[in-house]
Each structure stands twice: as structure tokens, then as C-alpha cells.
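One chain comes next, on its own, written as C-alpha cells: the form predicted alone.
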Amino acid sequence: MTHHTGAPAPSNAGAFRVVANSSPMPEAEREAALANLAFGTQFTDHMAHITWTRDGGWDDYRVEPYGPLTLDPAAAVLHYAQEIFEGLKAYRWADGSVWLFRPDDNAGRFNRSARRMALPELPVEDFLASVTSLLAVDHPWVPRVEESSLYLRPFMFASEAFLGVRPANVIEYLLIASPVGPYFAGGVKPVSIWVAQGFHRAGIGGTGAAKCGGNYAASLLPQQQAYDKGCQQVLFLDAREDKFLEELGGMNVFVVRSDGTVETPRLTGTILEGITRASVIQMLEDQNVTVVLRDITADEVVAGVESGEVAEVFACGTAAVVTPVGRLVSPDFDVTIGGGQAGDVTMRIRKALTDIQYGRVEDPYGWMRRVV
């Protein structure tokens, strides 16, 4: 175990009043839940909550018991989907401390999403304070099991009761937390990917670069088709020419060439600017790997797999970290990548990233922020 030093994440935690849950989960029951983790099915005892109004701005900062929300049936989010969210994780280190990975970047992306969806920006210090305030109360929920973490879900939505089509005047920001194991229940093994047919995640000028619920709603039917084809995830192609790789339903995609070069689709405004994606690019470059950001066609990837020019394909994101892709499927092709085994580059970068996140090695980038 390498010992680390680092300042706690910037925090306005004192601004959050705490209303303690009068019936928290008993410790023995909580420990049993933390020993049997799925993804996103169990939630901690509390949540952070801030309300915004057009006249008053952000107000009423509180940590309160986790529980149902009361919404008017005319709440704008239910009709016009004015909503955004983020995803980040808290990691338990071997010494018992709790750390975040690049939370400032999540705060920045949250505000970029807010701007696109005509929502108010949340000051970065308030975003960070919501996380530190919630973890100050619910840090016992950060699991200790291998490959586990506390998944944090900040989100913002239009709660004003109004059926006119305009940006809402009343907005809720909440942060909930869920202890999680691996995103894919089978652990780290190559996944099969269905290449979407006739469906696209986003178009030029749309909301593809924003982390909003509508993007994911649009991906669910093709995701169901992927399941029906025996695949775990769906890969979307561009909406304009229907040939360039964009991203998976919830992850960015990378292609590893036989010469060691790594390629990933360039950011065009139609795919999410992944924080894990940016981290992987920086780490690969620091390992003297050539990383190329460009438009990549599905046909050239398939041809490369068949010829041996493409050695590996992997996907990455907060939830799934780095996941090897073992198979690409469409009505026109069904190719197995690298013999269906996880590739060396994929697993090396995965280990390098998770070693930093879990404090097993020194963090040379200053990405980790201690909170407990």
C-alpha cells in the first residue's frame, strides 16, 4: 500500500443543514447488503438536495433522508424532459479513507450539460460540497469489497408545475448514492456488442454531448435489440452517414491497432466527453502510446479485425471503468476480436487506472480527492 497525501476536496459543506434519517438501515443489514452488491439497486440512508428558483437562485441546501419525491403531475420534467445527471464514484482505500476521482471534471461537465438543457449552472463548489456533505453522513456505505465503490448520482430536473414550453422557473438538484459492484455482473470479461441498425444516439446540434436522460431513453430500444441478439451493449454509428463509430449506450469506444496505436472517435458534439475517456488518453500517451482521435468507420474496424490489423477493442466509462470488447455483431458481420480474449493494452490501462482510483499506486496526476 502506497501512502498518499492530499487536501480534501474543496467544500462548502457547512452550508448544508443535515436532517438525519430517523430510521437508517441497521449496521448488520447494511453490511450484508455491502457484501452482496449489484449495480444501482441499493441506496444509502440520505440524499443531498438544493432548490433553485429564477427569482431567488440556489437556496435551501440540505442533506435529508433518502426517500420518494413529491411532484406535481404538471412538473415540467415529466412532459419536456428538462433534466441532466452525472455519475462519479467514491473509493474505499485499504487504510479506510474515502476518495473521489476527478470530481471537478464531473462538476464542469454537469454545468456544460445544464447550459445545453437551459438549466441553471450549479457552482462547482456547491456540487463538490453536496458530495462531501453526503459522504460525511453516509461514508459507512462505501464498500470494501474488491472492484466495489459508492456510485454517486447527481441530477437536476425541472419541477415547476407548468405545461408551457419554456425553461422552468423552479429546479431541483439532488445527489443520491448507491453501493455498487462491477457494472457487468460477470466481472471483467469481453462483452459482445450489437452495432445499431436504423437508430442513432444523437445528431449534429442535438444533445449528444450533454448527459441528459433523453439520450439514454433513445438508446433503450436498440439496447433491447442488442439483448435479443445475445449482446450486452449497443454501438451507435453517426446519424449523418451511418458509418462512423460514435459511442456505446453508456461508454466511449477505443480501437487498438496491431502496431500498438490506439484510436478513438474525435469529439464532434454528438458523443459524450467522457472523463474516463480523457484519463485513458492521457495515461496511454504517458506510456508513449500513440493515440489518434479521428473518424473511424465500422467497416474498417471489421476489416481490421479480420486481417489482424485491429488487435483489441475496448469501451470505457465511470460505471464500467475499462471493459474489453470481444465481438462485434450486425446483420452484415459477426467478428470475434483477439480470439474473444481481453487484450494486453486493455487490461494494462484498466489496471493502471484502477490502481490509482483505489490508492494502490501513487497518483501522479492529482486526480484523487480525499473526502473522509
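What you see is a predicted model; the values in this text were computed from it and never measured. Throughout, we count residues from 1 along the sequence that is shown.
Just so it is clear, the following notes concern the form predicted in complex with ligand PLP, a form of the same protein that is not shown.
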Which single stretch, out of 251-259, 142-150, 164-172, 298-306, brings residue heavy atoms within 4.5 Å of ligand PLP in the predicted complex? 251-259
Given that the partner is absent here, does residue 156 sit within 4.5 Å of ligand PLP in the predicted complex, heavy atoms only? no
Exercise: residue 274 in contact with ligand PLP in the predicted complex, heavy atom 4.5 Å: yes
Is residue 322 close to ligand PLP in the predicted complex, meaning a heavy atom pair under 4.5 Å apart or at it? no
Indicate whether residue 92 is a 4.5 Å heavy atom neighbour of ligand PLP in the predicted complex. no
Interface residues of 316-332 toward ligand PLP, as seen in the predicted complex [heavy atoms, 4.5 Å]: 316, 317, 318
